[in-house]
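The chain that follows stands alone, in the form predicted on its own, written as structure tokens.
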Amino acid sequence: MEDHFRSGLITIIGRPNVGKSTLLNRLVGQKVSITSRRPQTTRHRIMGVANKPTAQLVYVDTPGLHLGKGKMINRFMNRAATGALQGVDCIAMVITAKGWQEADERVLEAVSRQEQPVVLVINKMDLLKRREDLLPLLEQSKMRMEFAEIIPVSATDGTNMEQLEKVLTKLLPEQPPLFPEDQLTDRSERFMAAEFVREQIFRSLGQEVPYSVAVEIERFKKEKKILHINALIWVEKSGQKAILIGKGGDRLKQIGTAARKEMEVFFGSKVNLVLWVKVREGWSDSEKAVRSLGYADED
């Protein structure tokens, strides 16, 4: 162990669709949080562990904080996000280079009540035509609160990630690592398998269906070097089931193939994936159903 080793927890928080999960994956150097272009892809708190020669940075990805109460699952997601601000060493609040939105102000209100240092991460710099276009946003941001630092980055292409990592490391306490060196995330393999299926549903389907989907892993067993995974996909309406399965089962097959490829990379094993789709009316607005499907684990 080197002298002055630092380790600690860093919560990544922001409104939906600012690129928090892409940022987490970039900082960890491996995929631990699913991504899609749709807002609110992330539903849980997920930790990703980045081990460096002189530091261990444990990042906590959160669901996007959003306005309004919404369904039961939305309320659980908001609680998961705000709960992740407790007991951490610093906070990385993420906005985009397009500027402050009303939903960003809600997040700012939540982080400004915390005692930990807050680093403002301005993501999606790659969308700007000129870097000078960022100057007005930097000035506006400085006036909103006293951030420990303001770092513009692009999680997509990696711009300024080393600088962000350096700033966050300095804010962590000097202490031994919190996790073993070979641990990548705090989530189970079954959880990750379910997330890979849900990710492909978000990437494959239209506006409404992905938000009405939950994935439950019924079988997760390795036999003769092949990982056998059976996943049950819950939807809220029979029409959604038909859309998800597709003509002759084509769409479900496409989702399964893409999810299996992601799993094989993550688990380092051949995977046999079997998918089913069932209807469970109104599950996303039922506290009992939401809890039974694992969305209250961090409540």
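Numbering starts at 1 and runs along the sequence shown. Note that the structure is a prediction, hence the values are computed from the model and not measured.
Below, we refer to the form predicted together with a small molecule, which is not included among the displayed structures.
Shown without its partner, this chain lists Glu149, Asp126, Asp186, Asp133 as candidates; in the model of the complex, only Asp126 has a non-hydrogen atom within 4.5 angstroms of the small molecule. Interface residue among Ala193, Ile201, Ala155, Met93, judged by heavy atoms within 4.5 Å of the small molecule in the model of the complex: Ala155. Only one listed stretch (166-174, 116-124, 213-221, 99-107) carries heavy atoms within 4.5 Å of the small molecule in the model of the complex, and that stretch is 116-124. Within 4.5 Å of some heavy atom of the small molecule in the model of the complex lies at least one heavy atom of Thr35. Within this chain, Thr11 is remote from the site of the small molecule in the model of the complex, having no heavy atom within 4.5 Å. Mapping the unseen interface onto this chain, Pro16 counts among the residues with a heavy atom inside 4.5 Å of the small molecule in the model of the complex.
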